[in-house]
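The data below hold one chain only, encoded as structure tokens and taken in the form predicted on its own.
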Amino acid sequence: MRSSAGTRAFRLVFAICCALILVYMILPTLLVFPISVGGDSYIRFPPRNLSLQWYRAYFEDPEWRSATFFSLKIAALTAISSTVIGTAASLAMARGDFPGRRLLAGLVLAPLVTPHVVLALALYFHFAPLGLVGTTFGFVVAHSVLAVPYVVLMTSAALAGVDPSLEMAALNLGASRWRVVREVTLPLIAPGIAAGALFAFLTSFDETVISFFISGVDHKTITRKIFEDVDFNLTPVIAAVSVVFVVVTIALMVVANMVSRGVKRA
């Protein structure tokens, strides 16, 4: 009885500690919501009156709109390129038999454990002589380096659930390797590919460090714009932008989670 009571007490204390940690982590994000609807011309909590003027200022400001659209464009292009590269790499590592396969897997997943500031410095020193700093192509390449590992992880998980005998049966019936991939393998792992594409989009849209290093004067992401305004133009517009940013991120995470569940059911 004492052991059971002690276990329940431990679980209760553990649950309370987890809840406090969760509140501590989420509270700063939640505070942004009331700040964004304040009527003052400076950041104030709690707000004295309510107004949507800062959301209107965000949507009417050409610089904020340009940064937002640029981030969305880069994220979409990154999702496409990362999905193609990551899916091809997953198929090669899961179905291929060639020397250096494990080395390839390590290289593909290396950006997950490499500090972003290290990657940012390396990319900047490589992009600057080539004139790629601040260009759309440069952003897509840089963000794809970060996003490809997520596509590989999702598609590899989907491939692990595909019975190789289905592909062998198609080959025995006379289908070419490319036709097997196109008509058998890819349809079976489609939920995993979709989940990887969503995570790639989210990775690019939320990326800050590398974007700060390779942004130009004319082309900058929304994350770079937020950091600039924190330094030089601190107004509640930043809170409104942060709310929009958080809502978009949460929506994408929910969609990615739904797609991931579809992968597991498949």
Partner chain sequence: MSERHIRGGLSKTTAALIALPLALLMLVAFVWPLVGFVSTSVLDPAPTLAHYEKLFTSALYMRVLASTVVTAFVVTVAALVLGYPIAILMSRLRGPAAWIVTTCVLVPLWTPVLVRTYAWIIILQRQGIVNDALISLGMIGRPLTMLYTTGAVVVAMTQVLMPFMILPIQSSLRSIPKELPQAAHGLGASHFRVFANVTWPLSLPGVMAGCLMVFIIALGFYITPAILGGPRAQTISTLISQQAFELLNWPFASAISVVLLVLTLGIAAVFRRMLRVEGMSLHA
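Because the structure is predicted, anything quoted here is derived from the model rather than measured. Numbering follows the first chain given and starts at 1. Only the largest set of C-alpha atoms that superpose within 1.5 Å between the two forms is called the rigid core.
Keep in mind the form predicted in complex with the partner chain is missing from the figure; the text below concerns it.
Enquirer: Do heavy atoms from each of A75, T136 and A194 fall within 4.5 Å of the partner chain in the predicted complex?
Expert: Not a single residue of the candidate spot has a heavy atom within 4.5 Å of the partner chain in the predicted complex.
Enquirer: Just to confirm, with a 4.5 Å cut-off on non-hydrogen atoms, which of I80, A190, L104, V184 contacts the partner chain in the predicted complex?
Expert: None of the others qualify; the residue that does is L104.
Enquirer: Going by a heavy atom distance of 4.5 Å, is A57 a contact of the partner chain in the predicted complex?
Expert: Outside the cut-off, so no.
Enquirer: At the 4.5 Å heavy atom threshold, is T235 in contact with the partner chain in the predicted complex?
Expert: Yes, T235 lies within 4.5 Å of the partner chain in the predicted complex.
Enquirer: Closest heavy atom of F69 to the partner chain in the predicted complex, within 4.5 Å or not?
Expert: Heavy-atom contact with the partner chain at 4.5 Å: absent for F69.
Enquirer: Indicate whether the partner chain has at least one heavy atom within 4.5 Å of a heavy atom of P62 in the predicted complex.
Expert: Result no; P62 lies far from the partner chain in the predicted complex.
Enquirer: Listed by sequence position, which residues of 22 to 38 have a non-hydrogen atom within 4.5 angstroms of the partner chain in the predicted complex?
Expert: Residues within 4.5 Å: L22, Y24, M25, I26, L27, P28, T29, L31, V32, I35.
Enquirer: Please state whether A19 has a C-alpha shift of 2 Å or more between the shown form and the other one, with the rigid core used for the fit.
Expert: After core superposition, the C-alpha of A19 moves 2 Å or more between the shown form and the other one.
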